[in-house]
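Have a look below at one chain only, the form predicted on its own, in structure tokens format.
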């Protein structure tokens, strides 16, 4: 089978099915594939041999989806798909229309509430959006459970100078008037080097439905992440430090893609964030994916999490040699707090390309080579 015969949906569906098998989904459960098809929309029907109409910022090679497998500390597994809804129309306005189409279709089929999306849509989805994206979605999939959905918005969609105002109003509309204050004191303290990067909402009606704010820390030290985590009860700074050391391989200043903090707020606990997560873009701090796998595996093993599951997940996404590229293991997150803790590993689909490995002296690399798509 060659690139002419394989569509983006074919490629991504095979990867998703493999990941669901690893996570213990029932054989024949087609819900993940149905959601993926709706998310990709027209983009999913294009052969991989054709240039995509829109290069998404979801992944380095322009693929509009990224996978992840979440290892909860209690042993549970979840598969997630981050994606940008596909459209025949170029530009962010087309992306917004596609996002609304996707949400309308899946909310009816899977009974997903959309009120929280509607509450902030006019803030974050203007007629003339700015920035790298307008709206993305995360599919949260667990065996024998209803799928869940999360929407990501761009705080800088009306310009960086408007980001704080949009976030404040978004929190206010969702009943979290004082949420921003705690984040500002702990994570927005280095001027322009700390940026508001995502505002996200769980699309369900549970009292534990989350509103999340993400902050990117450019050229950060591990101490900056420790300080950012300290606002959340149960977010042990020593575990944050160990995470940065293990995944960063001795990096002192994360000068490549930035560390990212996220804070989860729930209606049941409106006075402060209940969960802190730190995202480390491991692909910028390793020469190749073999080294990335070694670091991630060692971290998981050190916390009693299964490295064989990691290897099975990698095998579900690709069969290429890990040393032949960098970026398959895109980033890793550490989740801490009273509402659940764990580690999530993010895996690139690499539908359109593989970033070549870099020399051991390089900190940050770039460039893409053609990928080899397995049948």
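Positions refer to the first chain, counted from 1. Predicted, not measured: the structure shown is a model, and the values here were computed from it.
Heads up, the form predicted together with a small molecule isn't pictured, but that's what we're talking about next.
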With a 4.5 Å heavy atom cut-off to the small molecule in the predicted complex, the contacting stretch among 107-115, 156-164, 276-284, 174-182 is 276-284
* Contact at 82, 257 and 346 by the small molecule in the predicted complex, all three, heavy atom at most 4.5 Å -> yes
Of 70, 36, 316, 58, the only residue with a heavy atom within 4.5 Å of the small molecule in the predicted complex is 58
Checking 263, 124, 199, 136 against the small molecule in the predicted complex, the residue with a non-hydrogen atom inside 4.5 angstroms turns out to be 136
Evaluate residue 66 for contact with the small molecule in the predicted complex, applying a 4.5 angstroms cut-off between non-hydrogen atoms, and reply yes or no. yes
